[in-house]
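We give structure tokens for two forms of one protein chain below, kept apart as structure 1 and structure 2.
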Structure 1
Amino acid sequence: MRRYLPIFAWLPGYSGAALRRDLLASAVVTVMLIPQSLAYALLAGLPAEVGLYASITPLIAYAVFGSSRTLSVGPVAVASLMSAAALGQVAAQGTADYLAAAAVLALLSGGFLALLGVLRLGFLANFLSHPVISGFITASGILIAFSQLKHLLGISASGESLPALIQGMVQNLADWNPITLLLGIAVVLFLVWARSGAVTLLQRVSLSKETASLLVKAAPVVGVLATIVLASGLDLEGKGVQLVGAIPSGLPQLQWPHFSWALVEQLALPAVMISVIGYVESVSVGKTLGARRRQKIDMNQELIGLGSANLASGISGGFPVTGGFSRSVVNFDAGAETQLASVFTAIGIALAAMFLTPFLYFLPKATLAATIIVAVLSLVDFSILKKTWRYSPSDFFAVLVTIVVTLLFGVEIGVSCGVLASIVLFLYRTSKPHIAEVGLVEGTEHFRNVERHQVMTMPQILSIRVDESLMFANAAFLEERIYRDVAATPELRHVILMCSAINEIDWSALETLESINEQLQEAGICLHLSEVKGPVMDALQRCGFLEEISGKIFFTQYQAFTELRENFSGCAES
């Protein structure tokens, strides 16, 4: 039961002290999540109440099936932007079809994640490189910020790429509302100040730094309350300021959304993309927080946990959700011990959906836009370009392509290029493994790269070390290297392949080794292997390669070098 339902790993030993900490953490996260959920629903092109729906049942589902004790799931900025891009292709915003498509998108995302979890395929996310993910999130943060400028200006504009967004705003700029802009800028400045200066101010009134930091997280709520009072007291709606308007009270109805197979076909690929990006982001947060308390998360169980959260969101009229970084950190810092904190948060959001929605009528959309803009500023990280340029030009190129393509063509094409760049980068590196000629460090039994160390070598013996497993993608690269070195050294009589870093040899690579053995033997050169690992040795023995090889299999590279340098009379005497 603990394996499939992680809740049973901590629930039986739940204590009163943990209950108090979870209640406090849930109160802080609830206050933070209410404005966030409203804002991210609007970012996804959905009514504000849908954000509340997506913050109730998914939290409960993850609490039962998720392996992280402090991860907080719910609507997040990047997934909301990707959802808007996907849903805009199948239905018009504000229609019942758009709402139904959002629920179907959540169901597809949840089903895909859960299926990967059941099949224990969590390792597949490792093929999406972190630099590419960082580049995509940075570009998405820029797109999100630009997409919210229309609400700060009080104009209508649409677009999935940066050029389209800018063009839409320029075309409607004449309709801007100065009161809306003033209100939005004031909230942005307040939230930015709250992040930097509010902690110091609160510490001056004898609050601890930790308490002050937690209170600062409630700054968006202060902005919401203040602008609601202003909007209602000064009749800002009559002055052209766009408000959230009437939000239905009550809990979401649990029901299976109506859909067609044509809709499923259209949303399947976006659902996969949203799932992969959300899973990678969520797991990275879960690992970070888990390490701070020496708690381990299960990659495959996380797939099931996030999948169940999205399935719960789909049947309750929500949209795709995942683990949020800022929310989870706040949950952790507030002292959350278990996922019961998320259950209490879901109860708090449910109470807000039942009793607080009438007060949100006068909430300006500019306030929610300001909340989103300030929140996504932390997502934009151009330093990744500088870091990758210094460390790996290939990583830099992948990040740059991902950022540029996402900005110019939108998130769907951007994430597709990101995934493709990750795969191409992996294949490129695999196809060109590091291969070094090694020599003996005098006075030792160690062999090192001849280009880096003063070592002993002999023209009759070539020692090659391959720092990668041999497979179909890189076998030809090794073959070319050996033939090139053989052609450049007429005195060569022995080639030793040092296999200390080779963990596996696939069939294609084996055929290449057989070809190398034959070609060298015809040239009067022996092929030897040294430091072969047990599983690789077993495989070579089963296929008969050890009987065909022209040379010997040596236990160590030192043994091979010292024995062969004493005899250069050819293969027959080797």
Structure 2
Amino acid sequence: MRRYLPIFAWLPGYSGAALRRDLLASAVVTVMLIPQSLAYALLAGLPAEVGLYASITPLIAYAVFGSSRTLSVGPVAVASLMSAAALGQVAAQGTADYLAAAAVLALLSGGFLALLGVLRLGFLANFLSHPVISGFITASGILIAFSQLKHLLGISASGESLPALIQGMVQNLADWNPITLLLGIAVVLFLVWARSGAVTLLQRVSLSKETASLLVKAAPVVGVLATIVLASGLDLEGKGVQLVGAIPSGLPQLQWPHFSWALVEQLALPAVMISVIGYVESVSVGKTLGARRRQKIDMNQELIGLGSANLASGISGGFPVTGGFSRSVVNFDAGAETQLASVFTAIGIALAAMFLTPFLYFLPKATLAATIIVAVLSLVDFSILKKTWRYSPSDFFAVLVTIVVTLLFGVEIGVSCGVLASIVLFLYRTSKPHIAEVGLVEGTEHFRNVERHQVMTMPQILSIRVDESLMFANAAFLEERIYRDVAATPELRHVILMCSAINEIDWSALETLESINEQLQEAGICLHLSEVKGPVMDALQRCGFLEEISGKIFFTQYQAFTELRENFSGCAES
């Protein structure tokens, strides 16, 4: 029970002190989440209230099933952008179909994550390499910022790639609204100032640094309130400023959305991508926070937690959610002890949905766009390009492909190409393994690369170390290398394959070894193996190769070398 429902691990021992801390944290997070949830709904092309709906039941579901105590689940920027891209392919923004598709997308994501969790397939997410994720998030941040510029300018434009977004904006640039732009820029500047200057200012009025840091998280709410007051007082709607407008009050209805099988087929792949990216982002936040308090994150339980959150979002008219980075850090820093803080946050958002929506009528869309732009700029980090450039060309190339393709062709193609690039590059490296001729470091029993160390070798004995498991992609490469070396050294009588780095020999490589053994034997050269690992030895034994091989199997390379240099006779020609 405690294994599958982590809530039972912490709820029974819950204390009054923890309650006070959770309540405080939830108040801070609620104030932060209200503008965020509205803004990310806007980013996903959905009505503002959907953002609120996606911030109630999912938080409660995660509280029950999730394994992180402080992760704050809800709408996040990258998943919202990916949702917009997926939904744009099946319905037009503003239609009921679009709304229904959003809920279906959440259900599919939730179902997929929960399935992976139940099947304990969390390791699949490991195939998203860190450079690909970094590159993808940076590119997404840029796409999100550009997609919000239209709201700042008061024009309409759409597109899923940078060229399309820019082209769309240029076409409609003539419709720009100066008041909207002024308002938007003012909010951006205020929010940027709040991130830097405001903490210092608040500390001067004798607040502690911690309190000041928490207070500035409310800056977006201040922006929201101020622009609501401006918009209603100065009738900005009449002056062409786009407002959020009427949104229904009350809680979302819980219902299973109607949908066709065709819709499921269209949304299945995007749902998988949104889930996996969201899961990887969320787990990395959860792990970081968990490590600070020595709390363990269970990868498979996280899949179930996030899966249930998305299922909950789907049946309450929401859209895909996941654990958000900035919100979780605020929750943690504000002192949240358990997921009860999230439950209280959900209650806060529910109250907002019931009572605050009339006030949101006057909220300018430019305010929300400004909130998003400032938030996502912190995602953009090109330093990964510089770091990987120095470290390894293939990691650099994977980042570059991900960033460029995401910007030029959109999120889905971008992340697919990134994953593909990292796998192809890995296979390519595996297919050309590092193969070293090794020699004895004199006075020791160690063997090292002849090109890097001062070592002893003999022309009659060739010691080769392959720094990779032998498998279909690289077996031919080894074969060519050995034949080349053999051809270059007429005195050669013994080839020792030092297997210390060979963790596996697959069937293709085994067939290649058999052929190498035969060829060498015909040339009067013995093939020996040394330092063969247990599992590899077992496999070679099973298939009878140990009887076929012309030479011997030595426990260590040193034994092989010392024994063979006593006897250069080689193998009899077969």
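Sequence positions of structure 1, starting at 1, serve as the residue numbers. Note that the rigid core is defined as the largest set of C-alphas that superpose within 1.5 Å between two forms. Here the structure is a predicted model, which is why all the values come from computation and not from measurement.
Annotation: structure 2 represents the form predicted together with another copy of the chain, while structure 1 represents the other form.
Relative to the rigid parts that move between the two structures, the hinge contains A421, whereas the other entries in A421, H528, F447, I525 stay over 12 positions from any hinge. Core fit done between the two structures; CA of Q557 shifted by 4.9 Å. Its Cα shifted by 3.4 Å between the two structures, L425 is reported here after superposition on the rigid core.
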